[in-house]
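One chain comes next, on its own, written out as structure tokens in the form predicted on its own.
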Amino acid sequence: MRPTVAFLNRELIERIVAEGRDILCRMGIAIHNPAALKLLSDGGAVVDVSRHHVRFTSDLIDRALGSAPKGFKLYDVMGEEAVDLSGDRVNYTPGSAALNFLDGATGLMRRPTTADYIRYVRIVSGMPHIASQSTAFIPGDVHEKISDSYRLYLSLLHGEKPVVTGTFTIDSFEIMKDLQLAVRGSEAALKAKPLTVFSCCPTSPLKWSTVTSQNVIDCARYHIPVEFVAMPLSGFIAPVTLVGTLIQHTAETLSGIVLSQLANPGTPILYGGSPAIFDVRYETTPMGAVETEMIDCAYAEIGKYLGLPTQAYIALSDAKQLDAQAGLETSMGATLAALAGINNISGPGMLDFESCFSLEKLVVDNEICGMTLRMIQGIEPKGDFPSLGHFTELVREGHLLISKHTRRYRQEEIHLPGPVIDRANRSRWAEEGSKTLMERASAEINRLEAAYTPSRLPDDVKGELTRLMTAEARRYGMDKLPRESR
């Protein structure tokens, strides 16, 4: 039996959904994008162009929910299936778009570089429990106008796993789409085998900016999957109650689904988000707070009730170092998310309210993810009945270390973490150098980087990626890309 967790009963889910729909249909939301307003008006919404205001209809919402796929798959750069985002399947991906990087050598936060990003892609390539890459942090050694496309370029050039990404501008979408077409070869091939998921974020409360709403439309036109990342903050820009926050999250997310499905019915979407409570003591938005994690799991229940695949920014920490708080918050989030069956869990590697990325934390989080993936396999009998023969052998031999039953099931029954997790006895730990968690994490980074195999993309495709990215950089005054990137 697979273990699960639930925070809402069906009656409460239905009430929250009804309230969210009511907000959209009676109060409406603001959308600051003429193209989106026209699309919604043509689809039957009540649009006041002068106020940038939209009121939805029940029929419009129902049609959008009816056309949105119940799940979809992502494929790596070689076109092989890599991620299944359906049902209760659980996949982990690193957090995204951090501004800072925790330098493992100094223990200090600094601006990331291209070299940091390439190292990140290389180690993610070897992580068995991290299904996708993300455009995890923003290198500071390129023009800010290409920072979105540049991260995707590096991910596609040096790694093979699919990528969770996004853009903070309208203009960047074109080059990011072209990079994917260079890998796939055609629009039809990209539609058939999606390579990325774009994060698109409504602005709480109840608003879509020109940029993010255009991103939704542009992705839909090319059938590029989108994860909707509503970010209501309980007690600040959302009701202080968790139920009230969930109502707002529902309304904001449903509005994005309608926009996406009007632009291109059948476009893959993830019912996602990055909500948080607001800690008035420090004026912060703690992503590791238990209430934040409860909201994440609860809105995933709502997404599943609506028949949609789900996403959440969870399994991360607000700590500033790889310490006990980082382990506590990350492991609690990763465990709850897995039990909730969230399809795409974004967060490993992240610290400091989603603003800092740490490679050392990422390799520790990879082990946390591995443990949770084992946990949700549950407990099932495997050759255990009848049991008399096993116990007869145990009494006779005094152990079952090399029994046929042990050799048959040990590997699938008992998850053995990598060397980042210390399971040695004290004397062996001392003999092997009494290494701290940071030292073990650093050694694992070095091992993964040494084992890295370059992407198998053909050289002509890699060349086209570099040509496209170089041309984009020149638009903003950069004669060439950083040397390490090519």
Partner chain sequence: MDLLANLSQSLQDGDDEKVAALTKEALAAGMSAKQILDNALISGMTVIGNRFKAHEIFLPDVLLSARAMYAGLELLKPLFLKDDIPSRGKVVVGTVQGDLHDIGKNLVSIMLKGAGYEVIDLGNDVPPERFVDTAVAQGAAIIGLSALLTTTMPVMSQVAALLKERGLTGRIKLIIGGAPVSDAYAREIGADAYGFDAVKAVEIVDRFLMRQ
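Numbering follows the first chain given and starts at 1. The shown structure was predicted, so the numbers you read here are calculated from the model rather than taken from an experiment.
Unshown form predicted in complex with its partner chain; subsequent notes refer to it.
With its partner chain omitted here, the record of contacts in the predicted complex names 276-284 of 113-121, 319-327, 184-192, 276-284, defined by a heavy atom within 4.5 Å. Among heavy atoms of Leu394, none comes within 4.5 Å of its partner chain in the predicted complex.
Heavy atoms of Asn264 never reach within 4.5 Å of its partner chain in the predicted complex, leaving it off the interface. With a 4.5 Å cutoff on heavy atoms, Lys145 counts as touching its partner chain in the predicted complex. Of the heavy atoms in Leu339, none are within 4.5 Å of its partner chain in the predicted complex. Between the options Leu233, Cys297, Ile217, Leu306, the residue in contact with its partner chain in the predicted complex by a heavy atom within 4.5 angstroms is Leu233.
Contact with its partner chain in the predicted complex, judged by any heavy atom within 4.5 Å, is made by just one of Met375, Leu400, Leu99, Met78: Leu99.
Proximity to its partner chain in the predicted complex holds for all of Ile138, Ser209 and Ile237, with the criterion being a heavy atom within 4.5 Å.
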